[in-house]
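Shown next as C-alpha coordinates: one chain only, the form predicted on its own.
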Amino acid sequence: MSLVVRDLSKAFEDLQVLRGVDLTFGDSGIYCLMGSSGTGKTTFLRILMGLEKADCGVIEGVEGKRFSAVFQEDRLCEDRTPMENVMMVAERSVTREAAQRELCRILPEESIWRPVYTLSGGMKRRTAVCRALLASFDILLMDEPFTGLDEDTRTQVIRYVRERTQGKLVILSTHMEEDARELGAEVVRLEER
(Lines give C-alpha, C1' and ligand atoms only; values in the text may rest on other atoms or scores of the structure.)
Protein backbone atom coordinates (compact mmCIF):
# COMPACT_ATOMS: atom_id res chain seq x y z
CA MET A 1 0.00 0.00 0.00
CA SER A 2 1.25 3.48 -0.83
CA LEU A 3 2.05 6.04 1.83
CA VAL A 4 -0.30 9.00 1.31
CA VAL A 5 -0.04 12.35 3.07
CA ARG A 6 -2.95 14.78 2.78
CA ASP A 7 -3.22 18.38 3.95
CA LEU A 8 -0.42 18.01 6.54
CA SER A 9 0.35 21.16 8.53
CA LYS A 10 2.60 21.92 11.48
CA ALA A 11 3.52 25.14 13.28
CA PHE A 12 5.78 25.83 16.23
CA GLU A 13 4.14 28.78 17.99
CA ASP A 14 4.08 31.54 15.32
CA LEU A 15 6.37 29.70 12.87
CA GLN A 16 4.43 27.76 10.21
CA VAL A 17 6.78 24.95 9.14
CA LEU A 18 4.46 22.81 7.00
CA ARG A 19 1.22 23.97 5.40
CA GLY A 20 -1.18 21.79 3.45
CA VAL A 21 1.39 19.20 2.31
CA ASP A 22 -0.02 16.59 -0.09
CA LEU A 23 2.37 13.79 -1.11
CA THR A 24 2.11 10.19 -2.27
CA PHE A 25 4.94 7.64 -2.02
CA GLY A 26 4.90 4.18 -3.57
CA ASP A 27 5.25 1.08 -1.40
CA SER A 28 8.92 0.83 -2.43
CA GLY A 29 11.57 3.02 -4.03
CA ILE A 30 13.77 5.90 -2.95
CA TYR A 31 12.37 9.42 -2.61
CA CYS A 32 14.50 12.49 -1.94
CA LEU A 33 12.80 15.32 -0.06
CA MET A 34 14.38 18.53 -1.27
CA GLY A 35 13.86 22.16 -0.39
CA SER A 36 15.75 25.04 1.11
CA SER A 37 16.43 25.23 4.85
CA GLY A 38 13.27 25.93 6.78
CA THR A 39 10.88 24.14 4.42
CA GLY A 40 10.12 21.47 7.03
CA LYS A 41 11.99 18.41 5.75
CA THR A 42 13.12 17.29 9.21
CA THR A 43 9.73 18.08 10.75
CA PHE A 44 8.00 16.08 8.01
CA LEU A 45 10.20 13.02 8.72
CA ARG A 46 9.66 13.37 12.48
CA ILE A 47 5.89 13.45 11.96
CA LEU A 48 6.06 10.27 9.84
CA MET A 49 8.02 8.57 12.65
CA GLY A 50 5.55 9.73 15.29
CA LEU A 51 8.10 11.95 17.06
CA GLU A 52 6.10 15.11 16.30
CA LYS A 53 2.34 15.52 16.05
CA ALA A 54 0.90 17.32 13.05
CA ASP A 55 -1.53 20.14 13.74
CA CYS A 56 -3.81 18.71 11.04
CA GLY A 57 -3.72 16.34 8.12
CA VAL A 58 -3.93 12.65 7.38
CA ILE A 59 -1.21 10.05 6.86
CA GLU A 60 -2.30 6.71 5.38
CA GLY A 61 -0.26 3.59 4.79
CA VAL A 62 1.89 3.56 7.92
CA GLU A 63 -0.35 1.33 10.03
CA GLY A 64 1.62 -1.72 11.16
CA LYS A 65 4.76 -0.58 9.33
CA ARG A 66 8.18 -0.82 10.96
CA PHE A 67 10.40 2.26 10.68
CA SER A 68 14.15 2.63 10.81
CA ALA A 69 15.86 5.99 10.76
CA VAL A 70 19.05 7.93 10.33
CA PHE A 71 18.67 11.23 12.17
CA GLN A 72 20.58 14.46 11.51
CA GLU A 73 22.53 13.68 14.67
CA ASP A 74 24.12 10.22 14.67
CA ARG A 75 22.47 9.20 17.97
CA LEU A 76 24.98 6.45 18.66
CA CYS A 77 25.97 5.04 22.04
CA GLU A 78 29.37 6.78 22.15
CA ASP A 79 31.02 4.40 24.64
CA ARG A 80 30.06 1.34 22.54
CA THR A 81 31.73 0.10 19.35
CA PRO A 82 30.08 0.33 15.93
CA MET A 83 29.52 -3.44 16.16
CA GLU A 84 27.70 -3.07 19.49
CA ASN A 85 25.63 -0.15 18.18
CA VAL A 86 24.53 -2.21 15.18
CA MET A 87 23.79 -5.39 17.12
CA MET A 88 21.54 -3.47 19.58
CA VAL A 89 18.97 -2.91 16.83
CA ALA A 90 19.78 -5.50 14.16
CA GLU A 91 16.99 -7.81 13.11
CA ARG A 92 17.21 -11.24 14.70
CA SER A 93 18.55 -12.99 11.60
CA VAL A 94 21.68 -10.78 11.55
CA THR A 95 24.63 -12.63 13.11
CA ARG A 96 27.73 -10.89 14.44
CA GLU A 97 29.63 -12.22 11.43
CA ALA A 98 27.05 -10.75 9.04
CA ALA A 99 27.10 -7.41 10.89
CA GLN A 100 30.89 -7.36 10.69
CA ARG A 101 30.76 -7.98 6.92
CA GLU A 102 28.22 -5.17 6.47
CA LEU A 103 30.14 -2.67 8.60
CA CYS A 104 33.36 -3.49 6.75
CA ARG A 105 31.69 -2.59 3.47
CA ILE A 106 31.67 1.07 4.49
CA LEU A 107 34.15 1.31 7.40
CA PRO A 108 37.79 0.28 7.92
CA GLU A 109 37.74 -2.99 9.87
CA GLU A 110 39.86 -1.74 12.77
CA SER A 111 37.33 1.02 13.45
CA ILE A 112 34.40 -1.31 14.11
CA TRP A 113 36.00 -2.50 17.37
CA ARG A 114 36.77 0.97 18.79
CA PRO A 115 34.43 3.04 20.97
CA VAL A 116 32.39 5.40 18.81
CA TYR A 117 33.71 8.48 20.64
CA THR A 118 37.16 7.76 19.13
CA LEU A 119 35.85 7.79 15.54
CA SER A 120 35.75 10.67 13.06
CA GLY A 121 32.45 12.33 12.20
CA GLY A 122 32.33 10.53 8.86
CA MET A 123 32.89 7.14 10.51
CA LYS A 124 30.11 7.87 13.00
CA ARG A 125 27.80 8.78 10.12
CA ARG A 126 28.55 5.52 8.32
CA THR A 127 27.92 3.58 11.54
CA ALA A 128 24.53 5.28 11.90
CA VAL A 129 23.64 4.40 8.30
CA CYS A 130 24.66 0.74 8.71
CA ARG A 131 22.76 0.48 12.00
CA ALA A 132 19.56 1.75 10.36
CA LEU A 133 19.93 -0.59 7.39
CA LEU A 134 20.45 -3.71 9.52
CA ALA A 135 17.37 -3.04 11.66
CA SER A 136 14.08 -4.68 10.71
CA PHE A 137 12.05 -2.13 8.73
CA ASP A 138 9.47 -1.54 6.03
CA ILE A 139 10.14 2.19 5.73
CA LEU A 140 13.54 3.83 6.11
CA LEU A 141 13.67 7.56 6.88
CA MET A 142 17.00 9.34 6.54
CA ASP A 143 17.65 12.98 7.44
CA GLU A 144 20.69 14.35 5.57
CA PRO A 145 22.38 10.92 5.78
CA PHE A 146 25.49 11.78 3.74
CA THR A 147 26.48 14.96 5.58
CA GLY A 148 30.15 15.07 6.49
CA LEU A 149 31.23 12.40 4.00
CA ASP A 150 33.91 13.12 1.41
CA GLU A 151 33.01 12.52 -2.22
CA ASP A 152 34.43 8.99 -2.55
CA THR A 153 32.97 7.83 0.75
CA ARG A 154 29.62 9.42 -0.10
CA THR A 155 29.50 7.50 -3.38
CA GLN A 156 30.38 4.26 -1.55
CA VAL A 157 27.66 4.80 1.09
CA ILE A 158 25.05 5.76 -1.54
CA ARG A 159 25.80 2.55 -3.44
CA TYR A 160 25.47 0.61 -0.18
CA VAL A 161 22.10 2.23 0.61
CA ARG A 162 20.79 1.42 -2.88
CA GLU A 163 21.81 -2.24 -2.59
CA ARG A 164 20.44 -2.73 0.95
CA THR A 165 17.04 -1.10 0.33
CA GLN A 166 15.80 -2.97 -2.74
CA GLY A 167 12.04 -3.47 -2.41
CA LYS A 168 11.75 -1.10 0.57
CA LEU A 169 10.40 2.44 0.85
CA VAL A 170 13.12 5.02 1.56
CA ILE A 171 12.41 8.70 2.17
CA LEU A 172 15.43 10.91 2.74
CA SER A 173 16.09 14.61 2.97
CA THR A 174 19.01 16.19 1.19
CA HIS A 175 20.16 19.52 -0.21
CA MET A 176 22.23 17.81 -2.92
CA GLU A 177 20.79 17.14 -6.37
CA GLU A 178 23.62 14.66 -7.01
CA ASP A 179 22.46 12.54 -4.06
CA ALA A 180 19.12 12.07 -5.79
CA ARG A 181 20.79 11.26 -9.12
CA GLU A 182 23.20 8.72 -7.64
CA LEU A 183 20.43 7.08 -5.64
CA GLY A 184 18.18 6.89 -8.70
CA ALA A 185 15.58 8.59 -6.51
CA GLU A 186 12.39 10.41 -7.29
CA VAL A 187 12.67 14.03 -6.16
CA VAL A 188 9.88 15.41 -3.97
CA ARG A 189 10.05 19.16 -3.35
CA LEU A 190 8.90 20.77 -0.13
CA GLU A 191 8.46 24.45 -0.80
CA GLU A 192 8.06 27.35 1.57
CA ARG A 193 4.42 28.37 1.90
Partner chain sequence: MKENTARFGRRLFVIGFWILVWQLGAHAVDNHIILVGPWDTVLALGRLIPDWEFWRSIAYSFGKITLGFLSGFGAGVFLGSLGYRLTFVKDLLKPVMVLLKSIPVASFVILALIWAGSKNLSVLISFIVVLPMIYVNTLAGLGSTDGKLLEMAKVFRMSAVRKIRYIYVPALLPYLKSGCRIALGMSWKSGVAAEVIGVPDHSIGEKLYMAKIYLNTADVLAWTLVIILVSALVERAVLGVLGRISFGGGAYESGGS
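Residue numbers count along the first chain shown, from 1. What you see is a predicted model; the values in this text were computed from it and never measured.
This protein has a second form, the form predicted in complex with the partner chain, left out of what is shown; the following refers to that one.
For the marked spot (51, 75 and 84), a heavy atom within 4.5 Å of the partner chain in the predicted bound form is present in each of the three residues. Proximity to the partner chain in the predicted bound form, taken as heavy atoms within 4.5 Å, picks out 126-134 from the listed stretches 126-134, 146-154, 23-31, 36-44. Taking the partner from elsewhere, residue 158 is found to have every heavy atom lying beyond 4.5 Å of the partner chain in the predicted bound form.
At the 4.5 Å threshold, heavy atoms of residue 89 reach the partner chain in the predicted bound form. Taking non-hydrogen atoms only, residue 68 approaches the partner chain to within 4.5 angstroms in the predicted bound form. At least one heavy atom of residue 96 is located within 4.5 Å of the partner chain in the predicted bound form.
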